[in-house]
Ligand SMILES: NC(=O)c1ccc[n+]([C@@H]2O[C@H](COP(=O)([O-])OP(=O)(O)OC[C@H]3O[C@@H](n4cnc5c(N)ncnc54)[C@H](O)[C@@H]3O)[C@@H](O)[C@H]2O)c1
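As structure tokens, one chain now follows by itself in the form predicted alone.
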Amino acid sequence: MRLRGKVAIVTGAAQGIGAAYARGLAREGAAVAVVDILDPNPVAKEIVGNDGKALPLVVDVSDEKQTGEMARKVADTFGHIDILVNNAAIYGTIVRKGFEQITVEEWDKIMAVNVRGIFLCVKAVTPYLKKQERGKIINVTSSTFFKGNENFLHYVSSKGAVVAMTRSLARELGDYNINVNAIAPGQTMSEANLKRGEETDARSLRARLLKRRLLPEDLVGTVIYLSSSDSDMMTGQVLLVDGGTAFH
């Protein structure tokens, strides 16, 4: 129970990787705000049913008013905020295409959630972390940034921005004893990738040094580490968890 007494916010937590993060943090003793634009109630009820603490919140992370209200509700409910996991992103609905075919509307939609969403969530939560002079911010980027995947420019660019924000935020928040790090998952068998089919899965396995599927649960240990006191002297870093497909 490394996170007993801590309060965590996990965005994009209604399903897939985000739900795995929320469950894992709760198992370690954290009270978890399960945040998503989709219905977060099933995951929150599951956590409570396993004797955990959870608060379901429907939030559009690209909306500044909603992210501000999110932080206020979490602090009012649990008394404080300790951990922010910025997992919400557009991914599963993206149609891969050459950059010349990407419309401005598609580009702006992805940047609004994947980049502005993290900016707004950090902006909303940071005052609470600064007040107590401690906190953990974990941003979710992607191994695609390190590989430069083709026909995916809008998504890869958005995840590159997450790495940039992680490094700059770490410098700005270090004086307040706030750690800012990132996790970069490889292709993980969440709902979105399961829908993409066996060919995509097989291609990932061929490129991976550890020859098995990467599951949402494989990422949870890294997020718990970055949320706990075990990582107190780590900030501005990106941890690749992809079975060995990209190095940096």
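Residue numbers here begin at 1 and follow the sequence given. What you see is a predicted model; the values in this text were computed from it and never measured.
The same protein also has a form predicted together with the ligand, omitted here; what follows describes it.
Colleague: For the chain seen here without its partner, which of 75-83, 123-131, 137-145, 100-108 has a heavy atom within 4.5 Å of the ligand in the predicted bound form?
Modeller: Comparing against the ligand in the predicted bound form, the contact stretch is 137-145.
Colleague: Answer with yes or no whether L210 is in contact with the ligand in the predicted bound form, where contact means some heavy atom within 4.5 Å.
Modeller: Flag for L210 set to no.
Colleague: Does S231 reach the ligand in the predicted bound form if we count a contact as any heavy atom within 4.5 Å?
Modeller: S231: no contact with the ligand in the predicted bound form.
Colleague: Could you tell me if L25 has a non-hydrogen atom within 4.5 Å of the ligand in the predicted bound form?
Modeller: Judged by the heavy-atom cut-off of 4.5 Å, L25 is well away from the ligand in the predicted bound form.
Colleague: Indicate whether the ligand has at least one heavy atom within 4.5 Å of a heavy atom of N181 in the predicted bound form.
Modeller: No, N181 is distant from the partner.
Colleague: Quick check on this chain: which one of A31, I47, V61, V223 has a heavy atom within 4.5 Å of the ligand in the predicted bound form?
Modeller: The option sitting close enough to the partner is V61.
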